[in-house]
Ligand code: HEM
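Heads up, the chain below is alone and in the form predicted on its own; it's given as structure tokens.
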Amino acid sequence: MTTNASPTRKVLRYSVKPRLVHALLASSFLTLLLTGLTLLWSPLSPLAAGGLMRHLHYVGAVLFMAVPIVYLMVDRPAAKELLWDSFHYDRDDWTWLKHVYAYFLGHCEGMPPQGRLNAGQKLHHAGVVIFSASIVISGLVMWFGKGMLNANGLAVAAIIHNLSMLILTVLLIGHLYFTFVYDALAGMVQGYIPEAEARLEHAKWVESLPQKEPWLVEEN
């Protein structure tokens, strides 16, 4: 195991399959968000005329529900690891959360060592899992339950659906914020991040990687 980070080496952070799943999740969620706004927000209601946006909303819903299935099909170990990590926290994670204000301001030096996900990412992913399930269940109730539920039941489902979407949108904004602050977009697009960055933000994860270092590449 290499202990000293090289300025010319990069670590494989995201393989191709998780990156494709991430793209499917992002595109389906944005489809749901944008088409949902045209169905709910009166200034955009003219765009919903003719029913096209409603049909696109259904398409986005199907793609969104397919995300966990696709993830399990293309990379079951990574999907299971992500789900496990999102809901399991150790002492370093709790200590990290006590200093989250520093990370929020763009300072990760001196933070407790983290695994593949830092504690903030764990909370984010846990929230995405929970409220994605909520939005899917409530959406299915509204989609297929119109003949079985009364107006009050459908109204409750709509409230849960809209609140879940609002929370997921807030989580998206936070995700984009940290992506910008820590210049993380290149890692998701290319799959690799600088070794020094990996050791700084995810030291425990780097130390757990295979001894033969197939995850390292030299940057020209």
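Position 1 is the first residue in the sequence shown; the rest follow in order. Predicted, not measured: the structure shown is a model, and the values here were computed from it.
Just so it is clear, the following notes concern the form predicted in complex with the named molecule, a form of the same protein that is not shown.
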Taking the named molecule as it sits in the predicted bound form, is Leu97 in contact with it (heavy atom to heavy atom, 4.5 Å or less)? no
At the 4.5 Å heavy atom threshold, is Leu123 in contact with the named molecule in the predicted bound form? no
Does any part of Arg199 reach within 4.5 Å of the named molecule in the predicted bound form? Heavy atoms only, please. no
Applying a 4.5 Å heavy atom distance criterion, does Phe131 contact the named molecule in the predicted bound form? no
The named molecule isn't shown here, but in the predicted bound form, which of 50-58, 153-161, 180-188, 36-44 has heavy atoms within 4.5 Å of it? 180-188
Which of these residues, Val62, Ile69, Val170, Leu176, gets a heavy atom within 4.5 Å of the named molecule in the predicted bound form? Leu176
Across 24-40, the residues having a non-hydrogen atom within 4.5 Å of the named molecule in the predicted bound form turn out to be Leu25, Ala26, Phe29, Leu30
